[in-house]
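What follows is one chain in structure tokens, specifically the form predicted on its own.
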Amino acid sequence: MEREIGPSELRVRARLARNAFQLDVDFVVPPGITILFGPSGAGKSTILDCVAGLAAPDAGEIIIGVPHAFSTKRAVNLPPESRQIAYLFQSPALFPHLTVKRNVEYGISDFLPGPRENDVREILQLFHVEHLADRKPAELSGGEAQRVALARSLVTNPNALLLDEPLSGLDAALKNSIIADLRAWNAVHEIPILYVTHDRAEVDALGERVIVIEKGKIVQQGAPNEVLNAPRKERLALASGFENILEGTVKEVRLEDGVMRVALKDSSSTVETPLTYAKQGDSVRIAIRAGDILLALEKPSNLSARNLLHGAIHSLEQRSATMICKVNAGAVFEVHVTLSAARALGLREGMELWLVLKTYSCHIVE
């Protein structure tokens, strides 16, 4: 039986076909931040447009709290201005001729002067832009402009907030600061927030719930660490920061141990992975993060890690504070180590060494 939607929840059930693109999703957003994650063109922004009323699904329903904002069954399709939703895009879209204060006041211009002044003052303080009240948008930094845009969206006390990559282009510290302020606001108001991104770092910073969208469908959902640290799809693995995608064939399945052995393609090397749907003889793909691979100058012993692969350094490249090490161990593995570790090990091209991989760092992906 389908559960009832609570007064502070958002229900999205939408099917839509536009030329070659098809959207077919069904999910509930509780109070707090739910991330829509996936590659460009997956349908994330289309979902937000359907919720906001800027696009109409071919079939389905959008429930914001108790009322239906859209329902093909009930023949309901509320216009955007009647849905009590705030929608913030990558661009702050502030009115250039108005001050910060007037921009924030714009959405509540019908309020009485007293309450309006109080609400504007409180929201400017919460987002740390009260000292900018008399400035015009051209005088603001990118982070300040997004803080003002958030304040303008939230001063109306919406039933839901839609965010379409609003923090792209900002540095990590600034993103985290703005997200902390958004959390503080929502701790009081408890509305559902749908946050679109394809940036893994933003997912980790938000850290509540994630829905992974690919080609208009939900492929995984749950807690970010569960979904993105154990992806089931190759494209999701790549988007989640898994630098190594290796091909192989299942050579052995050990049900009693919950593992299987995979022979890497065109190689005599094998890798132990967690047990999955695959059976002996199946072709599979293995996703491994470069940061989950350890290097050893001598063959280690007495380790819990089950995968020890002998190889030689093919290339070294420094990127910022990380050394990118390509190691040929039957297949070519990308390994990331700190500069201090690279110096301590004396890494150089052609050097022979051992790769150390935990079984649960090797993920079978479709």
Partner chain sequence: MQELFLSFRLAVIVTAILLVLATPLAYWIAFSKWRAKFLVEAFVALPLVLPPTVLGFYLLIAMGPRGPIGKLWLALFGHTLAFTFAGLVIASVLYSLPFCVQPLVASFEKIDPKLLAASHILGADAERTFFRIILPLSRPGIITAAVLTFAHTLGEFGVVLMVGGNLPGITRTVSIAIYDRVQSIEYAAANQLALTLLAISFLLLVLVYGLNRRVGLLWNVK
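Numbering follows the first chain given and starts at 1. All values derive from a computational prediction rather than experimental measurement.
The next section is about a form of this same protein that is not shown, the form predicted in complex with its partner chain.
Q: Do residue 139 and its partner chain come within 4.5 Å of each other in the model of the complex, heavy atoms counted?
A: Output for residue 139 is yes: heavy atoms within 4.5 Å of its partner chain.
Q: Is residue 147 near its partner chain? Define near as a heavy atom within 4.5 Å, in the model of the complex.
A: Residue 147: no, not in contact with its partner chain in the model of the complex.
Q: Should residue 52 be counted as a contact of its partner chain in the model of the complex, where contact means heavy atoms within 4.5 Å?
A: Taking the distances in the model of the complex, the answer for residue 52 is yes, it comes within 4.5 Å of its partner chain.
Q: Whether residue 93 contacts its partner chain in the model of the complex should be assessed with a 4.5 Å heavy atom distance threshold; does it?
A: Contact check for residue 93: yes, within 4.5 Å of its partner chain in the model of the complex.
Q: Note which of 260, 123, 206, 85 lies within 4.5 Å of its partner chain in the model of the complex, where distance is taken over heavy atoms; exactly one does.
A: Of the candidates 260, 123, 206, 85, 85 is the one lying within 4.5 Å of its partner chain in the model of the complex.
Q: Tell me, out of 131, 97, 183, 265, which residue has a non-hydrogen atom within 4.5 angstroms of its partner chain in the model of the complex.
A: The residue from 131, 97, 183, 265 that makes the contact is 97.
Q: Counting only heavy atoms and a 4.5 Å cutoff, which of 288 to 296, 251 to 259, 191 to 199, 147 to 155 contacts its partner chain in the model of the complex?
A: Answer to the contact question: 147 to 155.
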